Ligand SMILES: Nc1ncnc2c1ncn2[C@@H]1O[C@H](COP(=O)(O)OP(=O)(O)OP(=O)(O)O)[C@@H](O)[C@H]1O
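To begin, one chain is listed below as structure tokens, in the form predicted alone.
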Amino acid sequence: MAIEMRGVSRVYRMGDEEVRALEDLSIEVKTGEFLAILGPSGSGKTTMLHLIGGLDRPTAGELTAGGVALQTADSDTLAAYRRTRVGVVFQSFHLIGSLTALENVELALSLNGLRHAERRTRAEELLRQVGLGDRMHHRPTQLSGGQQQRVAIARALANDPEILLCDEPTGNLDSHSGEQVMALLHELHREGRTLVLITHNPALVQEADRVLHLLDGRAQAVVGTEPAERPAPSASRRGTLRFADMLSYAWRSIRRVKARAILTGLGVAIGVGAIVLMVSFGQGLQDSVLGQLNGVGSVTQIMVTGAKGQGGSTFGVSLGAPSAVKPMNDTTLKTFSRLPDAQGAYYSATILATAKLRGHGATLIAENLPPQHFRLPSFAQQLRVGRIPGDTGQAIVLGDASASYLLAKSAKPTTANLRRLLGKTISVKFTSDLGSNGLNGSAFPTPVTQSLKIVGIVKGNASYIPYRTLQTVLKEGKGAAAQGRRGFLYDEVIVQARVQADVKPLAARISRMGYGTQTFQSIIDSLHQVFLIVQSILGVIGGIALVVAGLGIANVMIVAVLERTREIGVLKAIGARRRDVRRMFLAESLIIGVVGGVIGLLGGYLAGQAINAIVNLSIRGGGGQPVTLFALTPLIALGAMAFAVAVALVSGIYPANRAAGLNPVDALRHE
């Protein structure tokens, strides 16, 4: 049996009023039968078709069609039934206007999972079968009413259904077109399909096996002879919409409203561009600072002071009340050098000085060079011109920031001009020790003046003098005030670990001895945390623009649901599941997010590179070294894109769920 209806009723509620569209209807339709349903407008014909087509559910009674109990089936089962068991031809055609005749038919096939080549062949065959072989690439507005109806029939036949439902198929056609459509329907019936034809025109039912007369939702009479049961056509395979086809449909939908999509995508692009610029600025700042640190420090070095702060230290500044100061002298250096995992130890100091050359003066922050066997290869990379001196000798390596003040008045600190300073002897007056952290130093009782030869110039503000030279300056400058019972006292000592893995245990051992410790690795770790916070704050600021763009996506998608309500009804009528409709709309949001994100990523990168180029052009003009203010890493790029995709998907959830939840019948009636 193709269709069985037992005591089926359908009641609609319009406010407080009840409308009984069908009342206690019972009928059986055999496989291969041609049943015509006659009745005036409002008699319940269309309601009956919607129930049999799985577009609506009965309020009471039992309804089975194509072997599916429609009154109890879940939404996915009903969608599969509409997709494979039944084909519906509507009075208003319900073609999707943005698709060609061929694409309208292919759409029904794509919902059933057919691949492109297979469904293209099938759709072309069906359109030729209904006499539209030369019009298959035309849109509905380019077709006559009769041609549109034949496209609708071809679409209804796409998945080879066993039941064909036709609602007033000639109601909107002229007499000639109506005759052609009816001839086609009779031919399809003769092929073995169960045909249910709804009409109010008695002339169209002459070839029907039986005629059901409806009035006010009730069966008045069934005229005709019940035919013999015929074998049902083999059911088409059951598949689902492919991901690629879903994206293709979503892309076509976006292209229909190009201006709106471009403006929305532009909002996403601006948001992503803002994130990329701001976070890459933080990254560039971090790389610059850490690069300078790595140039002067080593991850295997431990900086030791005599005052151990309570609560540790950050960037060399004690955070807590210091304990009693422990003296550090040459004996202390030997003790540290003999510790397990220690390669050696040497003192370190930073001294404030002034330099003069031919009437030009500069303020210097002078540090000692490490002993030669502790030198870092990376330090030489900071060298602009010249060389690094040995442990002894009256030499100095100037920072280029200070060296620029020693040039002739009109000379710029270019490499060529800085090179002219090499070999010059300058008078350097050392005036005070800045201490281990720049805060606990003291002025020399008697300034120490040295004549030092410029042998090299490095990047940055700091200048460097040989290890033994600084020792001489410290002892002469501090004098008796720096002498302890066991020799000269140092403010800071550098302990060199053998390998990086030894740094933490060695620092802990020295700390237990009562000394304050700090490592470059801990400074770098602290800076990483600081810059992570900075980047997060900058990212949040940029993310606000992207969230605003997400609201634009949500607004666009809500409008799209309203504008395409009938289209959604058509999709559901030809077998789209709720999740198919939901994914189609989410795919539209995703495409807008991805395309906007890629444009924003590229725009942010190019803007950052342009700013880098402009800034460095200015710096080179002044003789400085180039910097990278904006550093876009793969992680930043991936993070920005992931955020854009997430915002787009979240923005599309509500509109997509709203579209998926529409009732097929209500959606089809929407104007």
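Predicted, not measured: the structure shown is a model, and the values here were computed from it. All residue numbers refer to positions in the sequence shown, first residue = 1.
One more form of this protein exists, namely the form predicted together with the named molecule; it is left out here, but the text below deals with it.
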Site test, 14, 43 and 47 vs the named molecule in the predicted complex, non-hydrogen atom cutoff 4.5 Å: yes
With the partner left out of view, is residue 662 within 4.5 angstroms of the named molecule in the predicted complex by any non-hydrogen atom? no
Taking any heavy atom pair closer than or equal to 4.5 Å as contact, tell me whether residue 300 reaches the named molecule in the predicted complex. no
Wondering, does residue 21 line up within 4.5 Å of the named molecule in the predicted complex on heavy atoms? yes
Indicate whether the named molecule has at least one heavy atom within 4.5 Å of a heavy atom of residue 669 in the predicted complex. yes
Listed residue (91, 431, 521, 180) with a non-hydrogen atom within 4.5 angstroms of the named molecule in the predicted complex: 91
Select, from the options 62 to 70, 33 to 41, 603 to 611, 642 to 650, the stretch whose residues sit within 4.5 angstroms of the named molecule in the predicted complex by heavy atom distance. 33 to 41
